[in-house]
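Given next, in structure tokens, is a single chain: the form predicted on its own.
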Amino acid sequence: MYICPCCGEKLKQSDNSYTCRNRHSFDISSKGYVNLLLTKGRNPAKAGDDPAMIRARSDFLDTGLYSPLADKLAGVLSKSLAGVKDPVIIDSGCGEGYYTVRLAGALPGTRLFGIDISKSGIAHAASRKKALRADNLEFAVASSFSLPFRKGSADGVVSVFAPVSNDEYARVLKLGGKLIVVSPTERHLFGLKALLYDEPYENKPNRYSLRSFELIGVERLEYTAELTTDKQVRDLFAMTPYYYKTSPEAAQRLEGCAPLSTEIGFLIQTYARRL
């Protein structure tokens, strides 16, 4: 399934490494993932979310407050790929692997691959996989804009709050393959923003240039979440873009604010690869 990020040739696994016919080799880490992110132009050790953000996201997601999204996503995927035998799914920008592992458990007949630019995120994701013994799942450090997969090798691609790449998704998906993109609705986390900012704002709809795809389905998932501890509030804040956009003075408002009620909203869009 993997291709070499150096030359594009097929990678074959042998013992604890992947190797192509041009003898480019990539070791499988002790945690079970492979690093296929090239070093040119970036430092892979520092790419993507850092360990602190990964830890905050993992702790928050493990509370179950976003589990309705994981369940909904599994249902949408199952419906979208109905009739496909042994489907292959790529979770592009999978972060610390929460949704990928949940999908692997909910869809045992599928083969899933999670990729992310963050080495810390993929290391954590691999630990999740090992803990839950998700044998139908593999993780690799890689970019959504240079996916290490063969042309037309996937039946589905999932992108949850992650960068979206028309060209790469169109390349790796089979004709008619499905792309599922999850983004925030207008009032997502409005309760948190009302606490942080004097003039909280609604989210603007994400615009994607998906010229190779046709939108075939849209679903909304909205509910209210009750954050019962200050740690839950801090972890939620730390896993959002607001963490980098909020002044220290405004962030201080989070101290001692629990319990906090906030809107949660996800827009789930399903696209089909144009024939």
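All residue numbers refer to positions in the sequence shown, first residue = 1. On a predicted model such as this, the values are computed, not experimentally measured, just so you know.
Below, we turn to the form predicted together with a small molecule, even though it does not appear here.
Student: Any chance all of 101, 114 and 149 sit within 4.5 Å of the small molecule in the model of the complex, going by non-hydrogen atoms?
Tutor: So, no: the whole triplet misses the small molecule.
Student: Using a 4.5 Å heavy atom cut-off, which stretch among 88-96, 189-197, 106-114, 170-178 contacts the small molecule in the model of the complex?
Tutor: Going through the listed ranges, the match is 88-96.
Student: Within 4.5 Å of the small molecule in the model of the complex, heavy atoms considered, which of 123, 160, 77, 154?
Tutor: Looking at the other structure, the residue within range turns out to be 160.
Student: Can you tell me if residue 49 lies within 4.5 angstroms of the small molecule in the model of the complex, counting non-hydrogen atoms only?
Tutor: Contact with the small molecule, yes.
Student: I'd like to know whether residue 145 contacts the small molecule in the model of the complex, with contact meaning heavy atoms within 4.5 angstroms.
Tutor: Yes, residue 145 is a contact residue.
Student: Please determine whether residue 227 contacts the small molecule in the model of the complex, using a 4.5 Å cut-off between heavy atoms.
Tutor: No, residue 227 stays farther than 4.5 Å from the small molecule in the model of the complex.
Student: Does any part of residue 34 reach within 4.5 Å of the small molecule in the model of the complex? Heavy atoms only, please.
Tutor: Result no; residue 34 lies far from the small molecule in the model of the complex.
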